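Just the one chain here, the form predicted alone, laid out as structure tokens.
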Amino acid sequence: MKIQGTISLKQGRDHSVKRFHPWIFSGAIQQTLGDPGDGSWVEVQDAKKATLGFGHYQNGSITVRVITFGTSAPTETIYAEKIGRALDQRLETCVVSEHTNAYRLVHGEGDGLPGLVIDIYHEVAIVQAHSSGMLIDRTLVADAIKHVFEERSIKLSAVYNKSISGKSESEYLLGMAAVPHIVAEHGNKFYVDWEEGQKTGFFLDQRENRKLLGEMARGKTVLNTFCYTGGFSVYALRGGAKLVNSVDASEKAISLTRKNLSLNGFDSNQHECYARDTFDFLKDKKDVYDLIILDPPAFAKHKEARHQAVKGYQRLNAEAMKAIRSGGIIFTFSCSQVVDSQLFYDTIVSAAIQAGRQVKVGHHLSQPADHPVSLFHREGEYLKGLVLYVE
């Protein structure tokens, strides 16, 4: 890799890097040598000019995302090495199986590749760059995926770059594949459209939580709010739910849910779909449901919105607690990174007090093994959930 600049840190501002935290903020930088542009590789030094690591430069609050720590400069094999280790971990932890062929191959900082997400849908890899450096290096990343899969005799038909800044930048980096694409998850089938769908096309991080819900749904009347593609609805019906209602404000999401329910062989007698706001839907539904799923989109994407997000989570959970039957179960989640586990727990406590119901916690839920969190980067732990028993 061509190193295009050197970043020197201020005295005493190198502690986090020495503890393998991959983010270097602009306020920690003493001097920039050379002329690094957005996305270029730079060397990181402490105040005494000792090399700490190498990473991608970007003009912004997070100025450097460190990809390799130590004095050895990265070579052209860096992406293949890290992607190979990530794939081996997925195989070792049994994320991939004959019943599941959709998984996250690279989870940014958790796999030592900050700014990069790679999701696998059967034989197609979807690359999403969250930094200028990864966007510039996307072809190198695609070549590395191809090399790693060939080395392990795993079939790869295409690599697609899913832009986060506009469809005009999205492109196939290798091969082609038709969408929507059918994938398997614990034996259930889902349509995935990485070209038009949200994120990379499907929310893989809820896979194990969907499985748990399916195991608890037998004989129950289930409400799946913010249903998007109907993942929880499919699992609930597969698990023997008596009836499932799926709710989402988006007509497009409801259409996707209906397609996935049909794909899995469920008829309209077993489920009903509603394109409605969840809060409005819950108003007149007291004592209708035995099991409710609350999986809203992130209510806060930055710290300034955290207070309003907490109020939103409190209101949503209080309404569900008021509506659910005695002895009912609520699966409640937050994917807002700025709302940590303790704050989310405290918010649910407040909701229970507001609802005036006795509530017990049955399970603490998080993201699965293919969304690993580095011990040195707690910010990667974004998904948190609780299974609540409401008396």
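The first residue of the sequence shown is number 1, and the count goes up from there. Everything numeric here is computed off the predicted structure, so don't read it as measured data.
Although it is not shown, the form predicted in complex with a small molecule is what the next lines describe.
Shown here without its partner, the chain carries 203, 210 and 248, all of which come within 4.5 Å of the small molecule in the model of the complex through at least one heavy atom. When contacts are judged by a 4.5 Å heavy atom cut-off, residue 276 counts as touching the small molecule in the model of the complex.
When contacts are judged by a 4.5 Å heavy atom cut-off, residue 297 counts as touching the small molecule in the model of the complex. Using a 4.5 angstroms limit between non-hydrogen atoms, residue 260 is distant from the small molecule in the model of the complex. At the 4.5 Å threshold, heavy atoms of residue 266 stay clear of the small molecule in the model of the complex, well away from it. Residue 227 is the only one of 102, 105, 282, 227 with a heavy atom lying within 4.5 Å of the small molecule in the model of the complex. When the small molecule is considered in the model of the complex, only one residue from 89, 255, 139, 198 comes within 4.5 Å through any heavy atom, namely 198. Across the options 289-297, 144-152, 129-137, 72-80, residues that bring heavy atoms within 4.5 Å of the small molecule in the model of the complex belong to 289-297.
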